[in-house]
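One chain comes next, on its own, written out as structure tokens in the form predicted alone.
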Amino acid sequence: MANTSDIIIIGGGIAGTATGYYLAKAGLQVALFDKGFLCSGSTGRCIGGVRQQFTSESSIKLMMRSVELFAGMDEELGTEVHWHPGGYLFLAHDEQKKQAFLDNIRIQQAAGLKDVRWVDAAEAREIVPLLDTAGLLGGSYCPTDGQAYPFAVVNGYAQMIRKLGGRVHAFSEVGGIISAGGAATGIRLASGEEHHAPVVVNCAGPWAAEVGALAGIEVPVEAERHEALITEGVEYLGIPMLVDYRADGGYFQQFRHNGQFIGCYSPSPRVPGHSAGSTFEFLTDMPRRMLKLVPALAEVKVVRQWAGSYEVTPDGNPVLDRTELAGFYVLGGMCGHGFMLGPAMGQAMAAFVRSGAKEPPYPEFALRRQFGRAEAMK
């Protein structure tokens, strides 16, 4: 039947397309649905950073796997995704942050991330010659962290799903989860059209809670607005992703493939909800935060700003699990790290679905966990 498949994926961002690809690669018939265009949610609004520096052992190991996948993606997907291992440098301007980073580095190295290290202010300046090191004690640096282009990655996965016999449906909003006998059996689109499969995977990002509610399942994911901007392209300066956790800091990097700088900062107070509205405050404040670290960027022009949603969980860690409704799974709650975690998390979700296992592969990412220890490197 045309509307029957082995797996239905809800969400056309990195989590959905990666999960769909690895399931299709295993020989399963995949049907993927997104209410907008591919990458129209969080993935298409992120800043493209890929890092392995976390404090959860599972996140560290998954990110090491993601980096391996990003590095081989051009060949795997047959398209240029602009992967570049340009590094991440987390900056410490006080003793408390320095000690936190040193503690984190020990956790990361114990988990297998051997090339992360502490660098003092002088070495930070060697890595980033244009960096203003006033007040800087040093930082946590991992040269194998990097960047990729979100739209190219998602489109590459989607193209492979189609090539492997799957179907990708854009502008197809899901209005209901169909079930019978305590098990998911498919979806009903907002148009009324039905599609059937014994497995449905909720990869709806910041809308994961709303999609879960369609099945009567509570998913502890909330949307939170974050803004970003991008500049004109200029000569590549070799600047890694710079992360400044100070109240007036931010995060930004330069894309290797086109020379544009892209960056954001976490709003205070937080802005819950699905609003994608942009503000003049961010447009004027973010460049100041960038210039505080790299004054040489003063003449670089901002060309665009936008906003999108983080998908936030109570402890800053994602959800990868099955639900109380048999055959209904959730992969989400990436807390701003979805693009970087997506390849490995999608591969892990595909393996979990195929295994039919009752318990999730990563207990700390269970749907019904206690939400205790929080991820420190958000």
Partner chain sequence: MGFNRACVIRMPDTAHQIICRCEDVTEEEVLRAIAQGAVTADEVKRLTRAGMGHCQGRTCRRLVNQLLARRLGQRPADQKPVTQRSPLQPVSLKVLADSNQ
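Quantities reported herein were computed from a predicted structural model and do not represent experimental measurements. Positions refer to the first chain, counted from 1.
There is also a form predicted together with its partner chain; it is not shown, and the following applies to it.
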* Asked: Which of 137-145, 111-119, 282-290, 174-182 has heavy atoms within 4.5 Å of its partner chain in the predicted complex?
  -> 282-290
* Asked: Here the chain is shown alone; which of Asp74, Glu232, Asp103, Glu210 has a heavy atom within 4.5 Å of its partner chain in the predicted complex?
  -> Glu232
* To do: Find the only residue in His274, Lys163, Arg246, Arg304 having a heavy atom within 4.5 Å of its partner chain in the predicted complex.
  => Arg304
* At the 4.5 Å heavy atom threshold, is Trp83 in contact with its partner chain in the predicted complex? -> no
* Applying a 4.5 Å heavy atom distance criterion, does Ala298 contact its partner chain in the predicted complex? -> yes
* To do: Look up in the predicted complex whether Thr133 has a non-hydrogen atom within 4.5 angstroms of its partner chain, and give yes or no.
  => no
* Contact flag, Phe151 vs its partner chain in the predicted complex, heavy atom cut 4.5 Å -> yes
* Structure fact -> Within 11-47, the residues having any heavy atom within 4.5 Å of its partner chain in the predicted complex are Phe37, Arg45
